[in-house]
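One chain comes next, on its own, written out as structure tokens in the form predicted on its own.
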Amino acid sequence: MSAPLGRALVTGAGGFIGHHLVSSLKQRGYWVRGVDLKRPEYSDSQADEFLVADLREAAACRAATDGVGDVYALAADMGGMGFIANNHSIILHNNALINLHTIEAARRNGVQRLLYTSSACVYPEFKQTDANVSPLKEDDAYPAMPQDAYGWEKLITERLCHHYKEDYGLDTRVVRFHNIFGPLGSWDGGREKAPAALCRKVARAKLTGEHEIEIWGDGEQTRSFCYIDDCVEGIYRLMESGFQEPLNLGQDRLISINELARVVARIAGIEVGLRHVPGPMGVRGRNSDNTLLRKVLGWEPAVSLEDGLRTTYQWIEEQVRGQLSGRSSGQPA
């Protein structure tokens, strides 16, 4: 028996994107259940019901998907390049279990629609060897050759969604994120992504007066970055669209890590020196081709990199200020 579409589940609701998505769905009038290993770290969840559970366990997935019409499957063991490059087996093992159990539980519980959050990491490494990379189209995922276990796990689950749609009629969506950033996300500890890491480093440089920051590699590797508000808007639009093939979700403005650091420094009102050190860099260049996104949704991300970074930096500077003063970061200032 199918559950009503006005009841939604967000897995990974204790994480950065999931937390924001819960808030967005609540604003749209949904009843929302969140589930994660932990509650959000920086502000309370707006979920009507929040389950602290391990989705690597099939029973937890059955309980989580019971009585909901929509599932937004965001739960994953993941982080920035430092984490991804050093935890291949953990990532593949944990995320495979989460995804296999979640989609099967959704099928058994009569879920009507399931949106799976994939990643630009599915794209072949051989298409991303130049910093001036051609934007990646959805069809570029094959022939398959992701760089690491994280990308392989995402691509395998995309196939799982496709086959559950074919074999069981489960109405699935697949979105490929391109470097989502914003406030209320990991900014320290090793799981943070590049924008948060650079905001933290620049904030510490500003607050300590030591105006030099470390950059992994030569800093000429390139990416595009999408602000969280655009991300959750795109997720919802895709779920409502009826489009069932993988779709990029990101900005299409390419920028080097060195230049990203300089943009953050300008926002902070300081100049910083860049000290390049050995470290994982990922692919040389990655950018989103938004042609299909515009065609399918009649929309694309609109928040500029500078505007998104300004909000993100201000929040992270407050967290760093609290850390340096010896108090817990806790709730956002």
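When you see a residue number, it is the position in the sequence shown, counting from 1. Computed from a prediction, not measured in an experiment: that's the story for all the values here.
Unshown form predicted together with nicotinamide-adenine-dinucleotide (NAD); subsequent notes refer to it.
Of the listed positions (T117, N248, T172, T157), a single one reaches within 4.5 angstroms of nicotinamide-adenine-dinucleotide (NAD) by any non-hydrogen atom in the predicted complex, namely T117. With the partner omitted here, the residue from R275, R28, R294, K38 that has a non-hydrogen atom within 4.5 angstroms of nicotinamide-adenine-dinucleotide (NAD) in the predicted complex is K38. Among residues of the shown chain, Y123 is not one whose heavy atoms approach nicotinamide-adenine-dinucleotide (NAD) to within 4.5 Å in the predicted complex. Looking at I17, you'd find a heavy atom of it within 4.5 angstroms of nicotinamide-adenine-dinucleotide (NAD) in the predicted complex.
Although the partner is absent here, A53 sits close enough that one of its heavy atoms falls within 4.5 Å of nicotinamide-adenine-dinucleotide (NAD) in the predicted complex. nicotinamide-adenine-dinucleotide (NAD) is not drawn, but in the predicted complex it has no heavy atom within 4.5 Å of V232. Picking from 179-187, 135-143, 162-170, 251-259 the stretch near nicotinamide-adenine-dinucleotide (NAD) in the predicted complex, with a 4.5 Å limit on heavy atoms, gives 179-187. Residues G12, L74 and Y150 are all found to lie within 4.5 Å of nicotinamide-adenine-dinucleotide (NAD) in the predicted complex, as judged by heavy atom distances.
Shown without its partner, the chain has no residue in segment 206-227 with a non-hydrogen atom within 4.5 angstroms of nicotinamide-adenine-dinucleotide (NAD) in the predicted complex.
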